[in-house]
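The chain below stands alone and is given in structure tokens; this is the form predicted alone.
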């Protein structure tokens, strides 16, 4: 009987190895098959490759080529079987009775929601929406608003200047001036928009934030109109039991000026009611006659009032958020609480 050739032996090992791989019931059995056929020291196919040096020179190329082919085929079979075993394990652990995962649904950012809610209230009160450029001149940002350029607010430590006379607006009040320049009274506007300051990024400040400006100009506008409108806004936004307080303050472009505070009544799930502390929501006041004169109106004929508020602060107060930075970290787990 003739002796089996190395190539025939390799093909027999290939069939044997493929059968052992197919029959491996778990990862441990599969690893045993790998060691038996392809192991560095014990593998039977590896042993043939190590013995190539002792074979006749004329046989080495054919045997080496066949050995590498068999090694590749067995290696691929091992990988396929490992993937099958792993997939079967994962599939068996799935609970097919669980409900299907619904499609991802986005929502409005809580600050955007606050802006929309504020705008809806003032629109019902007869206000229009206005806008202005975010890069503006020192005239519109300071001087027209009765704020001299030697005022601390105009210092480079507080304001972001692009050139000597152009800056990123530090409040939305320049929209007041631009609107009055473009239209004759009566004027009743709100102006939401981004503003920029050299503020430290911390729990209560950001260098860029949204602000909402409001302005009313007409004949016969009084402090009573000012208080009544803002009190009506506060009660519509916070609830009919909301108390409103006006504290004397100072702003260069209003006289008299006031800080507006609210005290809310919160109804708990168990029906109990709790009164909050006073919370500041905006700065406001009667428009200074000098500002009215700066746009060419007659301050003896026209009067008005204005306010400025931060919708991010309003959202913080409404939702009980203590750190302003939480709104800007884009944590979907946090933001998804506010999507409807």
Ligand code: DAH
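Treat the numbers as computed from the prediction; the structure is a model and nothing was measured. Numbering follows the first chain given and starts at 1.
Another form exists, predicted in complex with the named molecule; not displayed. Remarks below refer to it.
Site annotation in the predicted bound form: the residue of 238, 140, 122, 253 reaching within 4.5 Å of the named molecule with a heavy atom is 253.
Contact with the named molecule in the predicted bound form, defined as any heavy atom within 4.5 Å, is confined among 295-303, 30-38, 65-73, 277-285 to 277-285. Although the partner is absent from this view, residue 213 contacts the named molecule in the predicted bound form, with a non-hydrogen atom inside 4.5 angstroms. Although the partner is absent here, residue 197 sits close enough that one of its heavy atoms falls within 4.5 Å of the named molecule in the predicted bound form.
In the predicted bound form, at least one heavy atom of residue 308 sits within 4.5 Å of a heavy atom of the named molecule.
Remark: residue 81 does not count among the residues lining the named molecule in the predicted bound form, judged by a heavy atom distance of 4.5 Å or less.
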